[in-house]
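Next up: a single chain in structure tokens, the form predicted on its own.
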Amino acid sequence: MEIAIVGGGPAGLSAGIVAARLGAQVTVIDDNSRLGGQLIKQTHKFFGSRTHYCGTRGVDIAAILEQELRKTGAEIVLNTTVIGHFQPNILGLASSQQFTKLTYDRLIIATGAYENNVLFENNDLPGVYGAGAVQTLMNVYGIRPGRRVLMVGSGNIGLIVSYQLLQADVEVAAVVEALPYIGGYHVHAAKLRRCGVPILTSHTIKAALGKEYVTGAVICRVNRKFRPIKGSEKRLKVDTICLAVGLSPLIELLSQIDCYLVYIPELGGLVAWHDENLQTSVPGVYVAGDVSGIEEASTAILEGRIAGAHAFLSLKGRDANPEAEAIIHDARQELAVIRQGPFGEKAARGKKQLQQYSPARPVIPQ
């Protein structure tokens, strides 16, 4: 295969569409039964410009991208996990039926991210969920996680999932946020407040209550150093605790390929060093989307375009299709505009910091 893409979310889909349209043979591999990644559980409408699917729900964007990919004739392999990498340029694929190998010329890794946890007493009780898991239960399978929820984290995911819980007739007792300010868009926060949901900044969860499952939670105020303030504890009667405390890039496959990894807090933790074309320290291996640094679906789609077009260019050369360079140029400009916004500054700082490292230098743990 000329270009193999691991991950069928927004970054992987857009990379596959671009590379296949330009003229490459493309295979997209995903361990789920359908394409779309995180988009399939996002029922809210997107912000931004029309080219970034403004006003379109995430689940509908997933359907649009899948349809575009299928039109290209790209090979799509679902229900299959990439469980290993072998030299030279061989992926090990495992499904419920068989183990196979796929040889590639170029590889784009768009594996996304996993949800972070937070330390507190009884955080392993049934009833403690990640926000993404709650979205999956409600929006993909139509299952309510509980009747009364405490949301931990006021970033966009925490605010949006809280509102979706209300839409599913689940009461949200409160949103607690350790920072002294709300992390997500204020338009989302305003919707919650209009529904009577308190958003408590400078607060955190101290413990989950219950023996066999969650029956309540203890929250408290925190000081400037995020330490609990004694005597500020409050008990809330809830049956579900939802954690929306950030994401970390899924870098395991990149580590196995021996890509140079760097710890950049602004990008979510350990990421594979990559240049402006999303190519890692291993020639011919690219990243795109959250695995290159935590951002939003719009930036994942643009990074996918860059990675797909550059993988094609490096494989076929400039003369094969002059459109490739224009795609890269346009996507870079759009990314720069997005990262100038208030919610893109953090990622922009992280990407800039990443370029200060060299693949010849060792990993620096933080």
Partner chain sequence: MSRKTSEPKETRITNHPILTFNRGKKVTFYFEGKPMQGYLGETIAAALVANGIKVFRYTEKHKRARGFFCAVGKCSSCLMVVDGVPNTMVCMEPLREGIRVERQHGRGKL
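If you're wondering where the values come from, they're calculated on a predicted model, not measured in any experiment. Residue numbers count along the first chain shown, from 1.
Although it is not shown, the form predicted in complex with the partner chain is what the next lines describe.
The stretch in contact with the partner chain in the predicted bound form, judged by heavy atoms within 4.5 Å, is 160-168, chosen from 179-187, 262-270, 85-93, 160-168. Residue-level contacts in the predicted bound form: of 71, 235, 147, 193, one residue has a heavy atom within 4.5 Å of the partner chain, and it is 147. Contact with the partner chain in the predicted bound form, defined as a heavy atom within 4.5 Å, holds for exactly one of 256, 201, 117, 277, namely 117. For the chain shown alone, residue 126 is a contact residue for the partner chain in the predicted bound form, at least one non-hydrogen atom being within 4.5 angstroms. At the 4.5 Å threshold, heavy atoms of residue 329 stay clear of the partner chain in the predicted bound form, well away from it.
At a distance threshold of 4.5 angstroms between non-hydrogen atoms, residue 216 is out of contact with the partner chain in the predicted bound form. For residue 102, no non-hydrogen atom is located within 4.5 Å of the partner chain in the predicted bound form, even though that partner is not displayed.
Although the partner chain is not shown here, in the predicted bound form the stretch 15-41 places heavy atoms of 31, 32, 38, 41 within 4.5 Å of it, in sequence order.
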